[in-house]
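Starting off, we have a lone chain in the form predicted on its own, written out as structure tokens.
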Amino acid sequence: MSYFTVKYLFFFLPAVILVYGIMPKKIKPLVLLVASYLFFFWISKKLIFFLILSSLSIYFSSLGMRRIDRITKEKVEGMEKEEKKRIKQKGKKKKQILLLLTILFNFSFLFYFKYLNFFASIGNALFDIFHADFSIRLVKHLAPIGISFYTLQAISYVVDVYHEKIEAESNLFKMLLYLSFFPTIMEGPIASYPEVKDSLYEGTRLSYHNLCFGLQRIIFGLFKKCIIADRLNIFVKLTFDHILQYSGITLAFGAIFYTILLYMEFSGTMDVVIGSAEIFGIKLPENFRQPFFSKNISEFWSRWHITLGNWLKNYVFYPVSFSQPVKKISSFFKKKFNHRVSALVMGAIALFAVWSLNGLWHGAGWQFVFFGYYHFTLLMLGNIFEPWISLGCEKFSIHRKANWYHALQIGKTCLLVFIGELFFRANTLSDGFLMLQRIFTHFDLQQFQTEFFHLGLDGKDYLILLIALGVVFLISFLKERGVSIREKISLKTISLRWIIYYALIMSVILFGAYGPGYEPVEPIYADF
């Protein structure tokens, strides 16, 4: 059951809203918890056991850390400075051990379900090279939905408790709801505990405003997914699955269409997720901020999958940057060269760790590893050459804030993103390189003209896509300029507001990609 199914939109979500609405304030969070566990069980059945284990592990370990802190504070009262230091170090060591065990415990599930076969296949390949009469048996299994998402939330919570950024939650039911909340469990966003704790447990009563704004967001998500993403899916599948059959121009369109598909599916899902939560008065962090208006790759990744980027920044980039080994390396380069070189080296080490994990997080395959290192390389090249680009622009009197220069930067960024997403979608890494090669070596315009309208889409489909993309672009453009379409609509008369709502609903019903010839996009991030 995805967020775009009839089961979710017309049965599950309305049923939860109804029960939530009639229950007293204190019971409302419990309704959400029960609904969340029913949702998870509906999809993953007995694998719910692993979600419960993760939840209990961070709950009890965080309480253990709180207890260690309390005992340490009691012990050091009235002690001499040196003795205080020794006791505090001992307490810190206990907390570190507890933190490490909790992280390993949670990541062990993620490794087993998502990465075991990938690393086992690498091991088997090495055994073959050295002619070892041994192989690791690959395991076939289903993973709990959203395991990567709720694992990262669990780790963020327990690390924040360790650093005393947040107080350990003593209410088990609150902790269970935090990790299992049904709108976020499948595809995120990855919310830190402070971002959601107030609204998640508030038990806010249903209101006309929240209901309207939530439904607005859900309908717009359906618009993106059903009209655009699902319509592009057949074209994308054919080009990526049959690379040798098509011209380079068609393959280039396949890569571009996949990037559009991915954005419309994922951001559309976030619209449904955030809209669903908004109905209950729960505010979730945004995951996208007009990424295709970015002027460089660094800015793109600050606008795309924002919550994953924030998680990697807070729990990988900064810890690696300020670790003792990296500080020593940075100090060495600062003495030998200068501060800029030192900063570049320190940034390179931290970014390498971030993008190694980012690539693997997206999938257990070499194409995902390459995807991570591709973006790491682009970011490092941007950091290295930025001063020279600035000097060049000064020398040739190029105004970097000029509209034409911005357009050029956006175009360059989009091109680099299209190439990266080509490898992200490729069935294998070798397929990705083959497809990229054919884009530049099989540039057959005549073949393209004959096959473009024979890849599951006809002239009517392209016209619908053009209009729908124009609507999404206009809304994104206005948001980029600081104009909130949702707020503008809310100020209109009730009759005009509902005309707009019905127009959106009818557009999804009439122009959504349904029936023979169309294949809806499976939730791309649901298995993450």
Partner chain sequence: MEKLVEILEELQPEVDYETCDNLVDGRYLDSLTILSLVSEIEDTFDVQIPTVEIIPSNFNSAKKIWELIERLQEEE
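Computed from a predicted structure; not experimentally measured. Numbering follows the first chain given and starts at 1.
One more form of this protein, predicted together with its partner chain, exists but is not displayed; see below.
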For this session: Among 239 to 247, 318 to 326, 181 to 189, 362 to 370, mark the stretch whose residues have heavy atoms within 4.5 Å of its partner chain in the model of the complex.
Result: 318 to 326
Exercise. Counting only non-hydrogen atoms and a 4.5 angstroms cut-off, does Leu344 reach its partner chain in the model of the complex?
Worked result: yes
Problem set entry | 4.5 Å heavy atom contact, Lys334 to its partner chain in the model of the complex | yes
Exercise. Do Lys165 and its partner chain come within 4.5 Å of each other in the model of the complex, heavy atoms counted?
Worked result: yes
Exercise. Counting only non-hydrogen atoms and a 4.5 angstroms cut-off, does His339 reach its partner chain in the model of the complex?
Worked result: yes
Seminar exercise, completed: Partner-free chain; cross-checking its partner chain in the model of the complex, the single residue of Ser356, Gln409, Asn383, Ser121 with a heavy atom within 4.5 Å is Asn383
For this session: With its partner chain left out of view, choose which of Thr72, Ser302, Asn427, Ser199 has a non-hydrogen atom within 4.5 angstroms of it in the model of the complex.
Result: Ser302
Problem set entry | Interface residues of 400 to 431 toward its partner chain, as seen in the model of the complex [heavy atoms, 4.5 Å] | none
